[in-house]
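The chain that follows stands alone, in the form predicted on its own, written as structure tokens.
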């Protein structure tokens, strides 16, 4: 029954997004704008792998801040929050919203990856296994943190400015780790050498998801 409710909630959000394309269009346009700005800023330089990896995740971070917060804000704007509270339990809402945010974040990081490979000759991925693992775990970590933060700020009057302020300190450990692991992928290090970074990403994902799941009941009800 919980699985059916979660699936129904995910499909509701997916159909709504495909109909309006608000979050998806905002994310993709921000990606194109950000990558183009970085391209013009670095066009006369020969950036290092560390710099390219850092700029890659800076683009992902600010793009995520522009779109992922809408997962709960849209429910408040449409007045459907009370309906969800009446029809289903908080755990179903959290898992459903988390799945949708994971799909959006994976789409975002895939778009940034394609644009970076095309726009920056120096962004040559040597260790694809390290890069794919880093992008996958990093995207899930972003989605998990963004989901609970979006629920917290949904009722605030200053949602736009509050979301990045709350998100940055929470995401700093994740950002530092994914930047380092992405640089390793560009430098051709094996997955064994990047194993420590990947362990940190898995630990961050598990802790953030479990903590958010336990906290969401209180946030959703209150």
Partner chain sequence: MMTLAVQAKNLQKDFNRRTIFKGISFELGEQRSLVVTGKNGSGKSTLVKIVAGLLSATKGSVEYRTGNTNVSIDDIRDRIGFVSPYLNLYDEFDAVENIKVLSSIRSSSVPTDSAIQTMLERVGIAARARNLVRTYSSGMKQRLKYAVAAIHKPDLLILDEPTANLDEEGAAVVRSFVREQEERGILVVATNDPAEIRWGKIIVRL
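Because the structure is a prediction, the values reported are computed rather than measured. Residue numbers count along the first chain shown, from 1.
A second form of this protein, the form predicted together with its partner chain, is not displayed here; the remarks below concern that form.
- Within this chain, residue 80 lines the site of its partner chain in the predicted complex, having a heavy atom no more than 4.5 Å away.
- Residue 215 falls outside the set of residues with a heavy atom inside 4.5 Å of its partner chain in the predicted complex.
- Within this chain, residue 9 lines the site of its partner chain in the predicted complex, having a heavy atom no more than 4.5 Å away.
- The closest non-hydrogen atom of residue 126 lies beyond 4.5 Å of its partner chain in the predicted complex.
- Residue 87 is the only one of 110, 132, 119, 87 with a heavy atom lying within 4.5 Å of its partner chain in the predicted complex.
- In plain terms, the part of the chain that comes close to its partner chain in the predicted complex, with a heavy atom within 4.5 Å, is 87-95 out of 133-141, 146-154, 100-108, 87-95.
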